[in-house]
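First, one chain by itself in structure tokens, the form predicted on its own.
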Amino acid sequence: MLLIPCPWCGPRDETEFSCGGEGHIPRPADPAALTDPEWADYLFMRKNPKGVHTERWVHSQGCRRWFNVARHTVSHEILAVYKMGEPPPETGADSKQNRT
């Protein structure tokens, strides 16, 4: 079980949260101008790294706010939690990825 530190509520059990997928994927400026394959690529193609990965989470059973998490996909270690709109903090991801 993960203990996720909500930026507003503090550490809570993972059952209070819902994952919203990969973080930092900008929405296309003009979605109507995209071809079907381009739109499908935006909707469905995501990274699936072995190592540190940024994700969007919502505290669905708490404050209902969205935030970002930098998490190691093998160990599930949470390296950073930060509010939406903030840049990802330095997590030492390169050194951690080289150890796995």
Partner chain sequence: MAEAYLRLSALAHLGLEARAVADPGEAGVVLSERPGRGQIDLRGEAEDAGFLGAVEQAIGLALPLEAGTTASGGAATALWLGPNEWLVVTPPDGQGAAAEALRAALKDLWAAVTDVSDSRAVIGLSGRHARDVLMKGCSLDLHPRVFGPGRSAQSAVARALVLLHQTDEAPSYDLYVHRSFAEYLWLWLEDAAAEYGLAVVSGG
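Because the structure is a prediction, the values reported are computed rather than measured. Numbering follows the first chain given and starts at 1.
The form predicted in complex with its partner chain exists for this protein as well; it is not shown, and the discussion that follows is about that form.
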| property | result |
| --- | --- |
| Every residue of G20, H24 and E55 near its partner chain in the model of the complex, heavy atom within 4.5 Å | no |
| Single option in D13, E86, E77, E90 placed near its partner chain in the model of the complex, where near means a heavy atom within 4.5 Å | D13 |
| is_contact(G62, its partner chain) in the model of the complex, heavy atom dist at most 4.5 Å | yes |
| Contacts with its partner chain in the model of the complex, stretch 31-52 (heavy atom within 4.5 Å) | none |
